[in-house]
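Given next, in C-alpha cells, is a single chain: the form predicted alone.
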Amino acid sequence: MELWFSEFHAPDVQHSLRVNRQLFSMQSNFQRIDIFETPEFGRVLALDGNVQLTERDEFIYDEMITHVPMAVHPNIHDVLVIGAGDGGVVKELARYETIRRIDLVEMDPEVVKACRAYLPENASRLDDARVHIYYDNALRFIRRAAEQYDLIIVDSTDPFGPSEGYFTREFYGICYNALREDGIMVNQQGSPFYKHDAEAMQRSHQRIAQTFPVCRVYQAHIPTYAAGYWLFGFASKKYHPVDDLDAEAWKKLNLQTKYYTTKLHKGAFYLPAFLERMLEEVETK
C-alpha cells in the first residue's frame, strides 16, 4: 500500500508527497505536529497539515530570510527570532561570529523537542551559547523589549490560526519599537499566486508599509511551498535592501551557501509586473 501526504495549496489544488514512513505525530496544546520521511524530499515537518520544511529545500528559505538582512546592516549584534522552532534560521545566524545574542521565541516547546529528535541537522545550533530560547507568546515578549535588537526575523507559520497575530498592524508596531534606530525586520510574506494567499500578503505588506519608512518585498523559489513561489518582507528604519547592500564585506566572510549570493540578493527584489501592481495597489491606500 502506498502512503501519500497531501497539502491543499488552494481549494482546488493539492501538493502530494510519497511517504516512506511516519516518524512522529502528536497534537500539542497549539497545533498538530507531524514529521515523516519521503524518498524525494527527505524528512518533512508539517504543522496542522501544512509543510513547514523539508530536508531537500529548507536551505532556500533559511538562507534568504537570514543572509539578506545580514548583508545589508553592517552591525547586527542582537537578533530576535520569532517562531523557527525547527532551528534552521538559528543555524544560519550562528555562522556569524559578530552576533552576540540570538533570542528565539517559540510558542510551542513540542516543535523544538520534535525537531531536536528527528531533524537534528536543522536544530544543530540551538545549543549555541549565544542562543536563548523562550517559550512565550511573541507579542507579550516583544512588548517588554524596547530598542533592544538590530534585527528581528519573523519566521511564523501562515497568517491563519495560531500565527494570525503576527501579521497585524499592532504586531509590526511592537517590532518597530523593539528595534534600535537602524534596525531591520524581515518576515515571511507567503505566496502571491493563489487568491487567498495573495490577499493575506497584501494586507501584511500594507500594514508594514504604514509602520516602517523602508518597506520592500523580495522573492525566492521554494519547490514545496505554494506555487513554488515565496515572498519575504524587508522593513527597515534606515537601510535600503539593495542600495545599502555591502556585497564585498559579505563575500569576505567566506560563508558557503547553497542558494543565496549577493547577485541573487539584488535580483530577488526585481519583481514580476503582476506582483508590483499588487503591492502598489495597497501602498497607495
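All residue numbers are counted from 1 along the displayed sequence. None of these values were measured; they are calculated from a predicted model.
Below, we refer to the form predicted together with a small molecule, which is not included among the displayed structures.
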Worksheet item: Is it true that 31, 34 and 110 each have at least one non-hydrogen atom within 4.5 Å of the small molecule in the predicted bound form?
Response: no
Item to complete: Name the residue from 50, 38, 219, 236 that puts a heavy atom within 4.5 Å of the small molecule in the predicted bound form.
Response: 50
Response to the item:
Assert contact_stretch over 224 to 232, 255 to 263, 22 to 30, 240 to 248 against the small molecule in the predicted bound form, heavy atom within 4.5 Å, equals 224 to 232
Practice prompt. Flag residue 204 as yes or no: does it have a non-hydrogen atom within 4.5 angstroms of any non-hydrogen atom of the small molecule in the predicted bound form?
Written response: no
Discussion item. Is it the case that residue 92, even though its partner is missing from this view, gets within 4.5 Å of the small molecule in the predicted bound form, heavy atoms only?
Written reply: no
Worksheet entry | 4.5 angstroms heavy atom contact with the small molecule in the predicted bound form for residue 211 | no
Worksheet item: Does at least one non-hydrogen atom of residue 192 fall within 4.5 angstroms of the small molecule in the predicted bound form?
Response: no
